[in-house]
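First, one chain by itself in structure tokens, the form predicted alone.
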């Protein structure tokens, strides 16, 4: 194998696939990046067995020659080392040549590196996915679905299925739910051609976070292919495979209350800033709890009290306040993350009592719903 490539294009591809490579893998070859060069261009693959990212660099793009291929072939190179070398090469022209099976020479300017590669045939094959189970979703919509749900997944492995986001197909609606059993985030979206045979999967939160970093802010469609064990996200030049989590996701629909005793409409941004200020004092305290109380004449009070440090109180005007008076305490962190997911719009908060879960949603639409369990304080 022998070819020349422009370094900036190679680095951009490496940046994507490195997100899947882990030093903790039990399969030694997965600490490497697989390089396949054909007459069409170069494919880079990185994997940690749970996530696999593959990116393609064409021979030419928009009339610019990116790769000159002398001889095609495949090799696996140690990922961290190869990435560091390419990052520090002196010129934008890179020549890579394989001699004697796996001996790899990387040349740029007056620099020449010799690396020992591995046989590409030992690299695990990607799963075959049937094309009939796919649907498309605009990139920017996919990014916002991830942003509005993934923060609520569980971080502890005690119930592994809760470390993922449940994607459920119901007719022409995709319902995405994440919960760590103290709070819940749900996003609904209407899409065409949703698969009917795979109706519920759990995608690891870690996978969705990595995918979100790779996706660009465009409205180009992302193709999504689902099977019972894998999901594939496919853009023009990147393939992102993730293993799905096993186990049954709990039925969360019964957690969402149907009727409410107190309803408040408030500006999401001003509430977020007030809770942020109140949490300055709560932060030292292990559980970061903020109190919320309804007052007369359309006002609510946000307060926090830390015996060693002091206390803070702040009153906010609300746009409407209906129902019973209320005192409730909750985690400042959970509340702030929920408000960020609704993104600065006016929010409706619906309470069913001081010790019952409460709901936040946007005034504008019901697509995003956040649920939080209060904290018992005495």
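Nothing here was measured: the structure is a model prediction, and the numbers come from that model. Positions refer to the first chain, counted from 1.
Same protein, other form: the form predicted together with another copy of the chain, not shown, and the subject of what follows.
*Asks:* Just one of 217, 308, 192, 157 has a heavy atom within 4.5 Å of another copy of the chain in the model of the complex. Which one?
*Replies:* Answer to the contact question: 308.
*Asks:* State the residue from 64, 324, 40, 313 whose non-hydrogen atoms include one within 4.5 Å of another copy of the chain in the model of the complex.
*Replies:* Checked against the cut-off, the match is 313.
*Asks:* When another copy of the chain is placed as it is in the model of the complex, which of 206-214, 193-201, 80-88, 221-229 ends up with heavy atoms within 4.5 Å of it?
*Replies:* Every other range fails; the passing one is 80-88.
*Asks:* Would residue 72 sit within 4.5 Å of another copy of the chain in the model of the complex, counting heavy atoms only?
*Replies:* Because no heavy atom of residue 72 falls inside 4.5 Å of another copy of the chain in the model of the complex, the answer is no.
*Asks:* Can you tell me whether residue 263 touches another copy of the chain? I mean in the model of the complex, with a 4.5 angstroms heavy atom cut-off.
*Replies:* Result no; residue 263 lies far from another copy of the chain in the model of the complex.
*Asks:* Though only this chain appears here, would residue 113 touch another copy of the chain in the model of the complex if you measure heavy atom gaps against 4.5 Å?
*Replies:* Judged by the heavy-atom cut-off of 4.5 Å, residue 113 is in contact with another copy of the chain in the model of the complex.
*Asks:* Heavy atom to heavy atom, is residue 269 within 4.5 Å of another copy of the chain in the model of the complex?
*Replies:* Residue-level check for residue 269: no, no contact with another copy of the chain.
*Asks:* Check, residue by residue, if 140, 144 and 239 all come within 4.5 Å of another copy of the chain in the model of the complex, counting heavy atoms only.
*Replies:* Not a single residue of the candidate spot has a heavy atom within 4.5 Å of another copy of the chain in the model of the complex.
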